[in-house]
Each structure stands twice: as structure tokens, then as C-alpha cells.
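Presented as C-alpha cells, the chain that follows is alone, the form predicted alone.
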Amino acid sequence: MAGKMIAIANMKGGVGKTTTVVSLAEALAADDPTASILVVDLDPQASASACLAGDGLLATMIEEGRTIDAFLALRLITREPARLAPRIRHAVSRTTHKGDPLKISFLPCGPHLRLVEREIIYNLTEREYSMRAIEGQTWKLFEQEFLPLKEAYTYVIFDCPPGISPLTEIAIRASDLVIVPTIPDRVSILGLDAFCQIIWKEPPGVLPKPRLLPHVLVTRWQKNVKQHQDILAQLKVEAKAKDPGICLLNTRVQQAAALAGALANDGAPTFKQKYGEVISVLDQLVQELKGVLRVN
């Protein structure tokens, strides 16, 4: 069976996207030792890459040009026959579970992705491509190089940056499931509304419509904070509306020191040592997401 693509995205920063990517990738790998997980980092900050592989390996891959931005520059600007798959680094996780390293691979992003995306637009415009044609060219490249990764991996997880870049939008529209980490406060909800409007309500142009409604994951949940309770109630109403704009996941990721510490990537901890008290929450999230993917 083909694997599943999952995009972790939100226009707003600071809502826990990278934390969700890293913890979900490791939780999926711990849940099923036969599963293979690929994390594709679309954020120029490369936080997920650094968390999974460490700064040293990330720096080496950037220097060697084994990054998404280097690949895009070769294929769409200088028009060289570069391939994506050879840039993937396998067995990067230093976290173990039941005596074995978690089966995680990653494809990093370098710091110049935004510049490369801009240069692609300039270059193709000079070659008299329209904006729709540029979208079409980028989507065609995604179909050729990214979609086949579903045949090699059980789960491909995209760590999307804040905002909506051209490549981010394509990853969102191509994914089998889009998870939107959201802190239940008023500022985050404004960002959620704008994000859903742009991707799920506006005409998609030449790109496909997203396969499912966005699945909102409540993060940094504090059950004793009244604003969190009120916003969660609003999200539940929206998800149960006659024409809902979102799906609301039942799992809520509480504010936890264990999650913040898990991103440090220090030493070679076991999965249990790394996540401690939040393992039960991660297991609930994994089972819920697997259920959503089975149904759809």
C-alpha cells in the first residue's frame, strides 16, 4: 500500500508546528517498528531537521547541497537533471525504542528556500510563463519527485513554515491529511481563520483542492485557563456546524515541559525517557490520526 502524506501547517508561528512534527514522527515510529517515516523540512529555519539530526549533520547536508532549496534551484532555475530521493538522509534518529533506533529519515531545507522560490518566479516569468503556468510547473515537479516518496515510506510528514509559500501550498494540497496545531487563544484563532480561508475557501487555480478539511490539533492546552475553555468550545461548535470549516481532533496536547525538552536532541535517549508523561497523549494522537487516514 502507498504511504500517507501529512502536512503540519499554520500561517501563525509559535503554535507548536515543529514540536508536533518531531514528536509525531517519533511516536509513529515507536508505535510501529515496521513503519518508515520521512520528515520533509520546508521551513528555512530548519528547526525540525536540527531536532532530529543535530546541527552537525544538518550543516554537512546544507554544504553538500542535499537540501530542498538546492534541488529546486537545479531543476527549475538552471534546469539540470537533479533528483530528490538521493538527497534524503536515512536513519537519523538518535532516539531508541525497545533497543532499536527509531526508523526516521529526513530531507532538510537550507536557509535560502525563500530566495530560491523568488528566483524561480523571476526566472520563469522571464521565460514568459504566466503565474498559473509557474504553479503548474512547480506542481508537475512535485508530482514527479515528491509523490513517489509515498511508495518508499509509510508516512511522509511536511514541516511547513509560518505563512504560505508556493511550495508550502502545494504540499498542503497534495497531502492526505493537514494538521493545524493551534493554541486555544484569540490571536491564534484569528490566524487559523485566515489560513483556512486562503487554502480551503479561495479558488485553487491550477492546483488541486485539499483532500480533507483541516484537522485542528489543540496545543499548549491548559484546562484551567478560561480563555482556553472558551476557544475550545468555539472550535467544537465550528466543527459540528452544518457546513463546517474544520475538523477538530479529540486529542489535546497539554503544556508540558517534556515536549519542550524533547526538541533538544541531547544524547541518545529512549522514547520513554524523552517524552515521559506525554507518551499517553502521543499514543492517543497516533491512533486518532491512523483512524482518520483509514477512513479517508
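Keep in mind it's a predicted model, so treat the numbers as computed, not measured. Sequential numbering from 1, following the sequence displayed.
One more form of this protein, predicted together with a small molecule, exists but is not displayed; see below.
Taking the small molecule as it sits in the model of the complex, is R220 in contact with it (heavy atom to heavy atom, 4.5 Å or less)?
Contact check for R220: yes, within 4.5 Å of the small molecule in the model of the complex.
Quick one: is L232 in contact with the small molecule in the model of the complex, heavy atoms, 4.5 Å cut-off?
Output for L232 is no: heavy atoms all beyond 4.5 Å of the small molecule.
Might E238 be said to contact the small molecule in the model of the complex, defining contact as any heavy atom within 4.5 Å?
Output for E238 is no: heavy atoms all beyond 4.5 Å of the small molecule.
With a 4.5 Å heavy atom cut-off, would you call T270 a contact of the small molecule in the model of the complex?
Because no heavy atom of T270 falls inside 4.5 Å of the small molecule in the model of the complex, the answer is no.
Can you pick the one in P162, P210, P166, G191 that has a heavy atom within 4.5 Å of the small molecule in the model of the complex?
For this set of options, the contacting one is P162.
Name the residue from M61, A30, I37, V253 that puts a heavy atom within 4.5 Å of the small molecule in the model of the complex.
Only one listed residue qualifies here, and that residue is V253.
In terms of non-hydrogen atoms within 4.5 angstroms, which of the given stretches 61 to 69, 223 to 231, 241 to 249, 40 to 48 touches the small molecule in the model of the complex?
It is the stretch 40 to 48.
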